[in-house]
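Here's a solo chain for you in structure tokens, the form predicted alone.
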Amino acid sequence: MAITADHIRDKLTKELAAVHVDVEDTSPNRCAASYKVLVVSSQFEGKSLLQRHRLVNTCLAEELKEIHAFEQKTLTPEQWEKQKAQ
């Protein structure tokens, strides 16, 4: 399966009910080996950073088998609004 930024974005949006998802292919030649994501979801409310990352990792378990580097930032909608205002 070819992993694309769009595939990751769609899956995170659907499975985590994310209100905002940014996905960037950070591989040197955009070869889909390294990604950086920002996920904003109300499912992160009341969860620790580790619990949030586990939700994302579980959602993308199959894709992470093919990805060599994966950086994630997880925010609640309230945190996202505060960050945008800065």
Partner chain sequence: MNSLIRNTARCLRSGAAVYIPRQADGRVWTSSARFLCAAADIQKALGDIVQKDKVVVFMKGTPAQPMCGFSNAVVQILRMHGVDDYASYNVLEDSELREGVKAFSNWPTIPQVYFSGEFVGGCDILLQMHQNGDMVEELKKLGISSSLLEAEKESK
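What you are looking at is a predicted structure, and each value in this text was computed from that prediction instead of being measured. Residue numbers count along the first chain shown, from 1.
FYI, the form predicted together with its partner chain isn't displayed, but the following is about it.
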Does residue 42 reach its partner chain in the model of the complex, with heavy atoms at most 4.5 Å apart? no
Its partner chain contact in the model of the complex: residue 47, any heavy atom under 4.5 Å: no
Looking at the partner-bound form in the model of the complex, is residue 73 within 4.5 Å of its partner chain by any heavy atom? yes
So in the model of the complex, does residue 69 come within 4.5 Å of its partner chain, heavy atom to heavy atom? yes
Taking its partner chain in the model of the complex, would 29, 54 and 64 all count as contacting it (heavy atom within 4.5 Å)? yes
